[in-house]
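To begin, one chain is listed below as structure tokens, in the form predicted on its own.
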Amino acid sequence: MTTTSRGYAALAGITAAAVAIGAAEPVAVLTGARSAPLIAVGGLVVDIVPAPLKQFAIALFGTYDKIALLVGTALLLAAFAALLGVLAARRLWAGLAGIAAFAALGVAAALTRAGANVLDALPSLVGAALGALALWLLLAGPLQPELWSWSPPVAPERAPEPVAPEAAPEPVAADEAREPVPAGGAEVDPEGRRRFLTGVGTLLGVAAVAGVGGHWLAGRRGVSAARQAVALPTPSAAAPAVPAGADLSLAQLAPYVTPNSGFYRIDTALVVPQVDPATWRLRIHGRVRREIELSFADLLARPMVERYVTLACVSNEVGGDLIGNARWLGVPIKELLDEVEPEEGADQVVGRSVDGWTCGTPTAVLRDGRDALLAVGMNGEPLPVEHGFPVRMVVPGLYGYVSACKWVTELELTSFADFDAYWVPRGWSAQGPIKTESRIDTPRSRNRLTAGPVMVAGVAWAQHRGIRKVEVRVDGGPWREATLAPTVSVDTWVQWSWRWDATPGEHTLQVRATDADGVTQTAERRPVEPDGATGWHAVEVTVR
């Protein structure tokens, strides 16, 4: 097979894969977005990839980690498909077997997801069947370009006898000239090549239309309209007003209240679950004396409280931005737990999402009086779909991986000895209280400053303990106490500022915070695994 024919074969394999993926999308509209092969296999990768690699992806791509995963999966699929195309050009059955193997992987990934049923296998099966048909059409059927039909070896010829000038052959007319024979003996069929490329273009176009159309139809089946129809109740206990001066309104400084559009999102859902509030149910069960089940209407009918709470991801590196502060509306979880009456020894409440993800929260924390909520509202509107609509958990003082269950459908009372939530078998701590931390927002690293007064500012947090003091130092010198802005409560972060008389040169600024318990954040640099990063945040700047 020539280099040219290998390229055409690889193109055939990639086209067949595109047809398979595109054709599966409209079918997944009927069976659920999570059953689409690319999403199902991507979800399987999320579940089995080692924790260090997963953390590397979050550190590198941040909130775009899911897009990066899907793009990476698609590129790997394209490489695999190109190889199958080359194999299939020699032995068609090998390419078809490869497609069957990919279909089996897609089926297995779809059927092993939480809440799956036998119909979830359909997108992978239908896609594989049409992908196999496309491969046959391009390599063995009517679209086959005959680029790899080998000519038999030609025996060496004797050297020709000298030809008299008058016997020289007539020149060949241009329209009678044949295309050159590629090295290796394969004759190129120009008409077949045009037929092949036209077929490739047509199949890719059909795949694109099917994929985009399926995605559009899936969007039409979303719950955006249902969310817009939700009328949030007036809270029986409104959030305290944000005090004047809580937001310093400085350039580069994170606002005191994070807008919904800018709130970080880290979870394992490659496609955002679309949960209809009309059919949503919350079951509270397990080691309880009285099991209860609530509808969304039941939840909205209960007295609700509104509170500002800062949430943080355990994957947040020192100085990172996987943290945000919002005004949440919801039902106190303590009241629900009091109703079900947990049994002795039920020291863990497992929150279970509609997609099967779990987090384990200490029962005692949910009943100690803090504003742990089953939230339905965020910053004055129903929860955004990507942040857990219709209902999610919000617990001050705990990292999200042990408390912030989105799209929650179950609260199960159990014990830490009996059940490990999603992240625990993957190397993370069973309990994750938030560490005392601080961050410099302005100036940023590599900023070029003018000598003279410079306002250094940032945020510090120690949810449910509060911040007592923030200190800044320059080039390892003495610590200088910063000014704390007022804050709503100990459950939110606080902005701080410090006036620095900057001198020319290269400088390093560092910050540390002390919480209300008198504990100063440690200088020891530790990674996020297994229960949150530690260390002092530092920025390097140039002053002219």
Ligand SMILES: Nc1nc2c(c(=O)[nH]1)N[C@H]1C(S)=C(S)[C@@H](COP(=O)(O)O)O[C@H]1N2
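Numbering starts at 1 and follows the sequence shown. What you see is a predicted model; the values in this text were computed from it and never measured.
Although it is not shown, the form predicted together with the ligand is what the next lines describe.
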Per-stretch contact check against the ligand in the model of the complex, the hit in 132 to 140, 293 to 301, 442 to 450, 347 to 355 (non-hydrogen atom, 4.5 angstroms): 347 to 355
Listed residue (A404, A326, V272, A226) with a non-hydrogen atom within 4.5 angstroms of the ligand in the model of the complex: A404
Listed residue (L92, I266, V288, V242) with a non-hydrogen atom within 4.5 angstroms of the ligand in the model of the complex: I266
4.5 angstroms heavy atom contact with the ligand in the model of the complex for P396: no
Non-hydrogen atom contact G377 with the ligand in the model of the complex at 4.5 angstroms: no
Residue contact check: I467 to the ligand in the model of the complex, 4.5 Å heavy atom: no
R370: touches the ligand in the model of the complex, heavy atom cutoff 4.5 angstroms: no
Residues within stretch 310 to 337 having a non-hydrogen atom within 4.5 Å of the ligand in the model of the complex: L311, A312, C313
